[in-house]
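Take a look at this one chain, the form predicted alone, written out in structure tokens.
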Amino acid sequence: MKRVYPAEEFCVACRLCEVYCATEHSQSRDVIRAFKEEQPPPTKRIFLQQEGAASLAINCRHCDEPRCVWACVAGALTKDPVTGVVNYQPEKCIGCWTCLVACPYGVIVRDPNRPKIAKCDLCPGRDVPVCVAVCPNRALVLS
């Protein structure tokens, strides 16, 4: 199973991963339209953590034993046994937020646009998630 890992030593806190993640999950998939025209604005699924000079981007780890899946009372989160991806089905989500509490990385968040969650989906339909593809310093690695 491939996952996105941060390489802290290369991150310069440019936040391009956040911008393009939100753009990828927007209606238009256009970076200008997504932030200037779309209402509500798109939701990012990767988050930059910064402490002084140190920074790194974090997203869903698609854990081997995902606590969020176990905590999801509605069955909206499932782990694909073949790919290992933790999938989210928003139509099943009841907005109880138990997955937010259960996630040890704090990368599942409330979607500010609806009473549901948002989490990394590894950009289905792409060979490489957009955050990895746009990182100018290769601070995000798919492996």
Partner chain sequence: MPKYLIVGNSAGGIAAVEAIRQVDPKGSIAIVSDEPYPAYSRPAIAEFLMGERPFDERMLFRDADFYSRNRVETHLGVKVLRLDVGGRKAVLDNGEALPWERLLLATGGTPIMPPMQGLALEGVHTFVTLDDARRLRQALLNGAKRVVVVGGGLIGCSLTHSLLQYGGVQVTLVELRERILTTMMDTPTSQRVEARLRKLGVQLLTGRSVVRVLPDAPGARVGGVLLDNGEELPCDLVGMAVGVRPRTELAHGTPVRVQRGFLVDRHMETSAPGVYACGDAAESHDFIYGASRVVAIWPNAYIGGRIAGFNMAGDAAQYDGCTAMNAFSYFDLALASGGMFDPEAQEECTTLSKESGEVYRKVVLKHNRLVGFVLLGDIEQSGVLYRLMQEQVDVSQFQEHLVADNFGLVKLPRPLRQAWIREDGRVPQKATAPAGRAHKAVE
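If you're wondering where the values come from, they're calculated on a predicted model, not measured in any experiment. Positions refer to the first chain, counted from 1.
Form predicted in complex with the partner chain: not shown, discussed below.
Student: Taking heavy atoms and a 4.5 Å cut-off, does P41 contact the partner chain in the predicted bound form?
Tutor: Taking the distances in the predicted bound form, the answer for P41 is no, it never comes within 4.5 Å of the partner chain.
Student: With the cut-off set at 4.5 Å between non-hydrogen atoms, does W97 touch the partner chain in the predicted bound form?
Tutor: Looking in the predicted bound form, residue contacts with the partner chain include W97, since a heavy atom lies within 4.5 Å.
Student: Is W70 one of the residues lying within 4.5 Å of the partner chain in the predicted bound form, judged by heavy atom distances?
Tutor: So W70 counts as contacting the partner chain.
Student: If we define contact as a non-hydrogen atom of the residue within 4.5 angstroms of the partner, is V82 a contact of the partner chain in the predicted bound form?
Tutor: Close contact exists here: in the predicted bound form, V82 approaches the partner chain to within 4.5 Å, heavy atoms only.
Student: For a quick test of understanding: in the predicted bound form, does each of Y5, V101 and G106 have a heavy atom within 4.5 Å of the partner chain?
Tutor: Checking in the predicted bound form: Y5, V101 and G106 are all within 4.5 Å of the partner chain.
Student: Using a 4.5 Å cut-off on any heavy atom, which residues of 57-77 would contact the partner chain in the predicted bound form?
Tutor: If the 4.5 Å heavy-atom criterion is applied to the partner chain in the predicted bound form, 57-77 yields I58, R61, C63, D64, E65, R67, W70, A71, C72, V73, A74, G75.
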